[in-house]
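Coming up is one lone chain in structure tokens, specifically the form predicted alone.
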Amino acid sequence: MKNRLKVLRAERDWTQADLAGAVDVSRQTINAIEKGKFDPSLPLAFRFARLFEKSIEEIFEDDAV
């Protein structure tokens, strides 16, 4: 799944660890999501959306589309 997490994180000058702490996951999880190796759960996707004040669709894009 493609996503804009790295861009959104960079706009706030956050490290992966900063973002991980904000959504209560490990830095390794953030790294895997950013690289497209792991798709977030729906609750985690909602946490990203609330944190960045964007819709889930603005952050994540399904590769199958």
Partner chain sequence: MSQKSLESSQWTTRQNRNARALARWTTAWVLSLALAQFGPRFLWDEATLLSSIGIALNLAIGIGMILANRRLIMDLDEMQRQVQLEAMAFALGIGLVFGLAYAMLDTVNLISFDARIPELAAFIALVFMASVFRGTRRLK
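Bear in mind that the values here come from a model prediction, so they are computed numbers and not experimental data. Numbering follows the first chain given and starts at 1.
Keep in mind that the form predicted in complex with its partner chain is missing from the display, and what follows is about it.
Mapping the unseen interface onto this chain, E53 falls outside it, with no heavy atom inside 4.5 Å of its partner chain in the predicted bound form. In the predicted bound form, A10 stays away from its partner chain, with no heavy atom inside 4.5 Å. Under a 4.5 angstroms non-hydrogen atom cutoff, its partner chain in the predicted bound form has W14 among its neighbouring residues.
Although the partner is absent here, E57 lies well away from its partner chain in the predicted bound form, with no heavy atom inside 4.5 Å. Counting a residue when any of its non-hydrogen atoms is within 4.5 Å of its partner chain in the predicted bound form, the hits in 1 to 34 run W14, A17, D18, G21, A22, D24, V25, S26, Q28, T29, N31, A32.
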